[in-house]
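Shown next as structure tokens: one chain only, the form predicted alone.
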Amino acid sequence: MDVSRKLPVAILGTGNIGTDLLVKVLRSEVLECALFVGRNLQSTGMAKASSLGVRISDQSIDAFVRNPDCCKLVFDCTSARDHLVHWPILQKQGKIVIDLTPAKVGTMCVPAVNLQEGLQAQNVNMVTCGGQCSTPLAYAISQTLGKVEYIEVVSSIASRSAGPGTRINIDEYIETTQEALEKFTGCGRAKAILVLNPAQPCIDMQTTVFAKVANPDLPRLDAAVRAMVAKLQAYVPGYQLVIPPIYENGRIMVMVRVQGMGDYLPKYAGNLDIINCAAMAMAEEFARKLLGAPAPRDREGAA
């Protein structure tokens, strides 16, 4: 492989998530940002991109209609409703789309769990921030202990880290997170709860997973959870195990905390950082696949 080659990508959506993602793309060894697309040239995100020498456009999805050859892969960082409009256009152009909205159009992907499945899809849905945080733990529980009768996930995030896009998509967030939990565990009943915490100073993202199982083998589960946490940390450095698996009141409980990398967003915004890190992990694997580069050792063998 020519190490000087990078996969051209575009970012659609210039809010907090899109701008933080831009900083991550610019640091990547295999991706380059060919276009940063929004609706308002005066926005903070546009100003940041312009200052970094990135080509910008305020034409939204029309930017791709007018310049269909600008990139191979598009990150959609807008909203679930907007993604339903964007996808048919990008699909027709043959773009690989990594959807960071809870639109549930494409293949749900959590890189630590089903990265290889995601690589076969043209539209990859990154579930939700809570889904990226909790699904690997739920998956480890189901794979280790067998049938899960009921699973519940409670994520607390700093209120200041929940921007307009997050608040508009609350219902979609809940539905998509629950669907991912059911898909990856085989559990027929799942519940997701999101708490916006107004505390000052702002708290880091914290997620607790509760699971009702018939076989609470804690030593086996502890090993599986720690292995999964290590897998997450390969692409989400701030993912930390706070409470290892315990069994009480007939339920397994495990808790994690996520601190962001602080690229563009504050470190307490781990909820936004984790979905961006997951999207980057997916995009970089697509780039390696298309450019013919070997996968990093720590991601080889991902299911």
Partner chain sequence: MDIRKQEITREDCATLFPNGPAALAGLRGETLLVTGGTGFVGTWLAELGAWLNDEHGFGLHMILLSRQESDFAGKAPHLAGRKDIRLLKMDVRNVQEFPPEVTLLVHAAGTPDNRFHATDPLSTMDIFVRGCRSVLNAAARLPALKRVLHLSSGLVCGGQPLDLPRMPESFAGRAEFGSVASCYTESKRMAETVCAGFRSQHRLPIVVARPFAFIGPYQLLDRPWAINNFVRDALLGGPIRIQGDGETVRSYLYGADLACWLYAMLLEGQIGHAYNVGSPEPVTLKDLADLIADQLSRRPKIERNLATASRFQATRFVPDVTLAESTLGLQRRFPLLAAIRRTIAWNQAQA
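Positions refer to the first chain, counted from 1. These numbers come from a predicted model, not from an experiment.
Unshown form predicted together with the partner chain; subsequent notes refer to it.
Participant: N215: heavy atom within 4.5 Å of the partner chain in the model of the complex?
Facilitator: The answer is no: N215 has no heavy atom within 4.5 Å of the partner chain.
Participant: Might L26 be said to contact the partner chain in the model of the complex, defining contact as any heavy atom within 4.5 Å?
Facilitator: So L26 does not count as contacting the partner chain.
Participant: Using a 4.5 Å heavy atom cut-off, state whether R55 contacts the partner chain in the model of the complex.
Facilitator: Judged by the heavy-atom cut-off of 4.5 Å, R55 is well away from the partner chain in the model of the complex.
Participant: Taking the partner chain as it sits in the model of the complex, is P266 in contact with it (heavy atom to heavy atom, 4.5 Å or less)?
Facilitator: So P266 counts as contacting the partner chain.
Participant: Considering S159, Q143, Q116, Q122, which brings a non-hydrogen atom within 4.5 Å of the partner chain in the model of the complex?
Facilitator: Contact residue from the list: S159.
Participant: If we take heavy atoms and a 4.5 Å cut-off, which stretch out of 41-49, 27-35, 63-71, 233-241 is in contact with the partner chain in the model of the complex?
Facilitator: It is 41-49 that comes within 4.5 Å of the partner.
Participant: Residue by residue through 199-222, which ones have a non-hydrogen atom no more than 4.5 angstroms from the partner chain in the model of the complex?
Facilitator: The stretch 199-222, when checked against the partner chain in the model of the complex, contributes only Q200 at the 4.5 Å heavy-atom cut-off.
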